[in-house]
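Below you'll find only one chain, the form predicted alone, shown as structure tokens.
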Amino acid sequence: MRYIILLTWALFCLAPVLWFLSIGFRPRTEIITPQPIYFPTFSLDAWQMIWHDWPMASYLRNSVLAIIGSVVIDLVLAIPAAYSLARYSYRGRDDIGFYILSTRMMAPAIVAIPIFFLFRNLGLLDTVWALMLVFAAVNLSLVTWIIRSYMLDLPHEIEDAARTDGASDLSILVLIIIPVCAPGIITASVIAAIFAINEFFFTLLIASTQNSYTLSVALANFTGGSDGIIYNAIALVAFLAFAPVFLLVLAIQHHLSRGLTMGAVKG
């Protein structure tokens, strides 16, 4: 009975996703009809459109490179910062931590113009490198705070024992803290990747041509023009953006649940 209930609930939760996917494989005439169609016709029109008429492979590549690059940058910067905020005692530590978190509360439009001119002067406008840096800057505070909160739950005795054996702070961070904090780091990485996938404002600001468009901006291409709103193409591209994250979360759900429940909302 328990498995029947769980399976029923899983189907209930996945029903909108499956329905959205079915829209992507319907003819456009069946989508905009006023009468409901319970047995739709299977069609690959939208699939052929997004791969042949639009550079969807380029959009997908830009998204993957920008997301992975931004997550790597966030982890390289956030892990040492989180370790400092969680383990060292110095004047203004709590104020610095709050300031880092408060940058996440800032409206993106406030820094839009400075960021645009900054990347234009650096010659990075309309490049994937600029998207990496922007995504990393937007999510850095959140990643730092999540990892810091997880590190606060670690016992100090682990580090004291390592220092007694002569280990340096860098060795302790790399060989002890990071492996122990793996669930929290994975949680922060997945959350940063999800936010990067959904980022639209800065992507549209920086990506002025199709050379650096991501999937979030590509969706906007199917909502205007002489063809109107192409619902089946929107549904298919949205599913392509959703499916990798969904499979990733399923694959690491054990680590993700540990990271969310052991420190991610504390501190």
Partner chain sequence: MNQSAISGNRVRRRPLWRRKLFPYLLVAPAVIYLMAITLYPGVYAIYQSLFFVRFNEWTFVGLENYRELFADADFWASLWNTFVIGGIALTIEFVVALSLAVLCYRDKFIRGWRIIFLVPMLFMPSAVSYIWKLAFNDGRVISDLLTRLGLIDARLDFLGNVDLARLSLIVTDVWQWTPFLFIIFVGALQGQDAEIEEAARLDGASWWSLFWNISLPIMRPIIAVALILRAIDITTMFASVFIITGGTPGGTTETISYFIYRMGFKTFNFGYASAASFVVLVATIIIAQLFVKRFFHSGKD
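Positions refer to the first chain, counted from 1. If you're wondering where the values come from, they're calculated on a predicted model, not measured in any experiment. Under this definition, the rigid core comprises the largest set of C-alpha atoms superposing within 1.5 Å between the forms.
If you look for the form predicted together with its partner chain, you will not find it shown, but the lines that follow are about it.
- Just one of 68, 57, 32, 44 comes within 4.5 Å of its partner chain in the model of the complex, counting any heavy atom, and that one is 32.
- Shown without its partner, this chain lists 114, 123, 179, 155 as candidates; in the model of the complex, only 114 has a non-hydrogen atom within 4.5 angstroms of its partner chain.
- Contact between residue 200 and its partner chain in the model of the complex is found at the 4.5 Å heavy atom cutoff.
- Using a 4.5 angstroms limit between non-hydrogen atoms, residue 193 is distant from its partner chain in the model of the complex.
- Although the partner is absent from this view, residue 137 contacts its partner chain in the model of the complex, with a non-hydrogen atom inside 4.5 angstroms.
- Residue 25 falls outside the set of residues with a heavy atom inside 4.5 Å of its partner chain in the model of the complex.
- Of the residues in 74 to 92, those that come within 4.5 Å of its partner chain in the model of the complex through at least one heavy atom are, in sequence order, 77, 80, 81, 83, 84, 85, 88, 90, 91.
- After superposition on the rigid core, the Cα atom of residue 15 is displaced by 2 Å or more between this form and the one not shown.
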